[in-house]
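Shown here is one chain on its own, the form predicted on its own, set out as structure tokens.
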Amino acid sequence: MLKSIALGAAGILLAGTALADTPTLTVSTYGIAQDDFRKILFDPFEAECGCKVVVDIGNNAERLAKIAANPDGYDLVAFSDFGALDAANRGLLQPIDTSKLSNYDKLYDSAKDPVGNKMAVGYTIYATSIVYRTDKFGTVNSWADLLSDKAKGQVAVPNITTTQGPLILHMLAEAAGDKDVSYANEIQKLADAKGDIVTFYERSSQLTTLFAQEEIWLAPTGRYAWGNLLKTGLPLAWATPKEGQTGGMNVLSMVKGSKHPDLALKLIDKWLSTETQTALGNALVDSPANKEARLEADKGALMTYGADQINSISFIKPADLLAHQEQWIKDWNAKISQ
């Protein structure tokens, strides 16, 4: 009896030791599609690495503050490109040794070093363009069409505080050949036209209702909203303006205080793999940054997928966004939101 108790206690002790020896990788990321990420990425990685992946979710600002307060508590972070640059500028990130990433060369060039100094790699890229009613508007040829006479009283534009807001200023500037990233001219143009703009929307989900109720004929939005807009059954088209599309990128970075940098590198590599990127794309979670990912035709049609889509994107430089965003919001509030 005593022997059995002793053996049982030893077994418990060994189990406890094994659990204590299991490395835990803490990942800071967005809250979207976590069930899909767990199934496609985190669970398989845990099985491969013999480790535990703990996920901490939130938006860019929330998570940046948490990492700044506790840098030793995180290993890997998923940010927007400008969020990663902000974190890097604060000394919170460490360079990624891309020579240890077997999938690095499979990335589109724009995703390989999007914030500089190897502080991040892109894992998903999304396009933004103009969705429009072909039966009402005809054809959108330029970003300048947003403020054309034909668009008066029929257009919605994203608010400056949304992800899409700065992108619209960027493309209006592209259409005008304006190289001034203060976007003062573009904000003034929107201010002059605000009486002809149906709404400055806060969420892409609003567009589905606005189109369905025939309150608008055109609006710029991210590709991730395209599938829901098509469900309206309306004759909608995704514009290919002569200036190209704009868009954004989410990236992966290693936290400087990581206790498991080698594991963090392995998770980045798996995240960028053709298998993972294909699975996430077909689940309509993230458009692939891996150029070898192959999506099902119906899924690819809803995503930012393929070289033609990716290479047509004109990105705002992350440094420009960080340097000017506060002033853009101030000018917008003074001229448009008043």
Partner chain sequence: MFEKRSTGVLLTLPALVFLLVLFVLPVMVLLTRSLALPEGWGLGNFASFFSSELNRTIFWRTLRLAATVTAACVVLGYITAFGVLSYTKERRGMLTGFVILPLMISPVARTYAWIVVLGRTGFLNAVLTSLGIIDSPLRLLFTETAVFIGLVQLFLPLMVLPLLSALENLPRDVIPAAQLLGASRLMVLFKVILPLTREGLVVGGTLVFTGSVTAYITPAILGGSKVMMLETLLYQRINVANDLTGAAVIAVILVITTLAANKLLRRLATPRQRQEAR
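Nothing here was measured: the structure is a model prediction, and the numbers come from that model. Residue numbers count along the first chain shown, from 1.
Although it is not shown, the form predicted together with its partner chain is what the next lines describe.
- Note on the partner interface in the predicted bound form: the residue among Gln213, Ser99, Thr139, Asn117 having a heavy atom within 4.5 angstroms of its partner chain is Gln213.
- This chain appears without its partner; in the predicted bound form, the one residue of Gln94, Thr161, Asn228, Asn89 with a heavy atom within 4.5 Å of its partner chain is Thr161.
- Using a 4.5 angstroms limit between non-hydrogen atoms, Thr22 is distant from its partner chain in the predicted bound form.
- Interface membership of Glu202, defined by any non-hydrogen atom within 4.5 Å of its partner chain in the predicted bound form, is confirmed.
- None of the heavy atoms of Ala323 is located within 4.5 Å of its partner chain in the predicted bound form.
- Contact check for Asn59: a heavy atom falls within 4.5 Å of its partner chain in the predicted bound form.
- Partner contacts here mean any heavy atom within 4.5 Å of its partner chain in the predicted bound form, and among 152-160, 174-182, 261-269, 232-240 they occur only in 152-160.
- Taking its partner chain as it sits in the predicted bound form, the stretch 305-319 never comes within 4.5 angstroms of it through any non-hydrogen atom.
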